[in-house]
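The chain that follows stands alone, in the form predicted alone, written as structure tokens.
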């Protein structure tokens, strides 16, 4: 061996020792670092996994779940989640309300209600906020949430120019009157959604016009809210931190000093952070880990009922996917029972329709879908693609997540095996994924819908023609009319009949492929107290506390 060769091997050995030593040192550091939640618990600082980086902190422009989880800390509507039951309709900015016919409502605002900068919050703020949300210039995807207000839809579509004709009036500083298009007893549940929250006119106008979609008003230091907490810091891709709002009307009830929302996209990373005691609550649990946590039992794994559907949107404007026989073939070729048993391994239910859990919410929806490969192959052949021959290759678009990829790979295999269709998978970060979905730059796109309020209308209304959350290109005039009639109907049974008829049309046309109905599986440290389950993922953060073990 020459001296040069010996030197080379010595260098390689030194590098190897350095790498092994570095890896070992990292392992020691990771396993020996002090549990972050111990100090955070003492400081009353709740650490929460929150999935992805938020796309915006403007509640009138947001559409996603990560944003939803933060808005319940920073803002509050007329109606709020209950302390003991987040799904209950508790007083919020309004201390009480009354209605005689479920069409005309009067809300009485608290005189002590203020924005987080101390500015009084009045009924005029709600009127201005709803005008902004419905202004066609803002292009708010959730504007339709306010369509229960008389003339709101016409104003949003530009067919009505005079906002004073919309059914919202400030009778005085602390009295707000709403007139709806029809009798809606369920409208109180809708008002806990952030689309109905007030936004601060005096701050938004300070940083631009009311219809600016890219404004500095939501930055830390600028932003003003009216919830139990206020925005303290927003570190992009790192964390969103909120602290106590001293001007909140019920500040005495608030127990925590801070909440820290961490955008951890990876299920595995989030679960490891929880095991390392770096997080109090996770957003999810990795699918392969669920059986182990269920076997272990204990007091950290939770699987709560949820009104959520997991589904795939289909871009119905694309030539091959325009044919409903093709969309139906895709839906019938998905073995939902196998997916739940072998992939998801939780307590999910196969989605035989879109609206979760038939007979929940007093609604007996159509059970239209099943696993039927023979019928799927027949429909595909009838559409001109026998055994998938000549069917154009397409991708399933997902946002970055191990769980979404695992599900997509299973369905990719089902469509290949059962239909002979070539399918790829394409993942994008949350903001890019939302934009691709909004602009319909996809063929098939994974999605989920959390009920905005406990009523089947929340699952069906988004497929109306032109709804900001439709994002499939699908339109059906009969469907639209049935939904419209449901909003005018005072008899509950007749109203549910209209909705069932509409969902039957949706499940025949299938611009979406329902996959499964959720349970919310997550991990929560024993230090977290008063964390109540919610079927619609509402949080009453002011009731949550931390106690050292």
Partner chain sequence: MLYFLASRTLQGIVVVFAVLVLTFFLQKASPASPFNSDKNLPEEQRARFEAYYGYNLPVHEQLWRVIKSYATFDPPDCMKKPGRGVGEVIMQAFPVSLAIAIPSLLIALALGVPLGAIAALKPHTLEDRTATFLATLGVCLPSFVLGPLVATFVGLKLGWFNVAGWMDPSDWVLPACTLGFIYSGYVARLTRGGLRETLVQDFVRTARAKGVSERGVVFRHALKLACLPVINFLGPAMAGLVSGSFVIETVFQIPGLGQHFVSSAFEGDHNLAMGITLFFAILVVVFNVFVDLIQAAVNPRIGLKT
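The structure presented is a predicted model; accordingly, all values stated were derived computationally and were not measured. Positions refer to the first chain, counted from 1. For clarity, a rigid core is taken as the largest C-alpha set superposing within 1.5 Å between two forms.
Same protein, other form: the form predicted together with its partner chain, not shown, and the subject of what follows.
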Select from the listed residues 113, 281, 285, 450 the one whose heavy atoms reach within 4.5 Å of its partner chain in the model of the complex. 450
Heavy atom within 4.5 Å of its partner chain in the model of the complex, from candidates 321, 224, 264, 256, belongs to 264
Partner proximity in the model of the complex: residue 523 to its partner chain, non-hydrogen atom cutoff 4.5 Å: no
Given that its partner chain is not shown alongside this chain, does residue 99 nevertheless sit within 4.5 Å of it in the model of the complex, heavy atom to heavy atom? no
Taking the shortest heavy atom distance, is residue 61 within 4.5 Å of its partner chain in the model of the complex? yes
Within a 4.5 Å heavy atom cut-off, is residue 235 in contact with its partner chain in the model of the complex? yes
Could you tell me which stretch in 428 to 436, 323 to 331, 70 to 78, 411 to 419 has residues with non-hydrogen atoms within 4.5 Å of its partner chain in the model of the complex? 428 to 436
Establish, in the model of the complex, whether 136, 141 and 216 all lie within 4.5 Å of its partner chain, using non-hydrogen atoms for the distance. yes
Sequence-ordered list of residues in 495 to 513 near its partner chain in the model of the complex, where near means a heavy atom within 4.5 Å: none
Would you say residue 435 moves its Cα by 2 Å or more between this form and the one not shown, aligning on the core? yes
Superpose the two forms on their rigid core, then report whether the C-alpha of residue 125 is displaced by 2 angstroms or more between this form and the one not shown. no
